[in-house]
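For reference, the chain that follows is the form predicted on its own, supplied as structure tokens.
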Amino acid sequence: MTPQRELVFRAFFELGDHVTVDELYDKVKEKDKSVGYSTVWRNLKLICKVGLAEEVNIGDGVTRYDRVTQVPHGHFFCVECKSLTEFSVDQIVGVLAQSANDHKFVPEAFKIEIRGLCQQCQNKKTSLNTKEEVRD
């Protein structure tokens, strides 16, 4: 374990969930300006390879990395501000397991991602619509 690798690992787990390579690189650069982008990227791939993180691709062209946990969860993705929020899927897991069983299917993994607007973006949209109605 090199000092650079340890720094990347620590920074990843300090940042929390849904980290981009750029965000991780910025965090690492705060602590050691000599660490290059490719070093951060390679070590992030290693974190995934050893099973501590996984890629999250929502379809917006940005790959994020999420810590692997034993707690199943889904993601709400705001198409406006690009925020990613986790939610519990405890109740859904039973339904999915039963459905798989009904179809004689053995699932290995699942992902639930719901696209839409977060509360803040809904409020902004409502505010803009109200202002437009006042002008008319």
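What you see is a predicted model; the values in this text were computed from it and never measured. In this text, residue numbers run from 1 along the sequence as written.
Separately, the form predicted in complex with a further copy of the same chain exists; it is not shown, and the next lines address it.
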Practice task
Look up in the predicted complex whether Gly59 has a non-hydrogen atom within 4.5 angstroms of a further copy of the same chain, and give yes or no.
Solution key: yes
Exercise for the section: May I ask you to state whether Thr126 is within 4.5 Å of a further copy of the same chain in the predicted complex, using heavy atom distances? Expected result: no
Exercise for the section: Evaluate Gln91 for contact with a further copy of the same chain in the predicted complex, applying a 4.5 angstroms cut-off between non-hydrogen atoms, and reply yes or no. Expected result: yes
Handout entry: Partner contact for Val68 in the predicted complex: a further copy of the same chain, 4.5 angstroms, heavy atom
Key = no
Handout entry: Sequence-ordered list of residues in 90-113 near a further copy of the same chain in the predicted complex, where near means a heavy atom within 4.5 Å
Key = Gln91, Ile92, Val95, Leu96, Ser99, Ala100, His103, Lys104, Phe105, Val106, Pro107, Glu108, Ala109, Phe110, Lys111, Ile112, Glu113
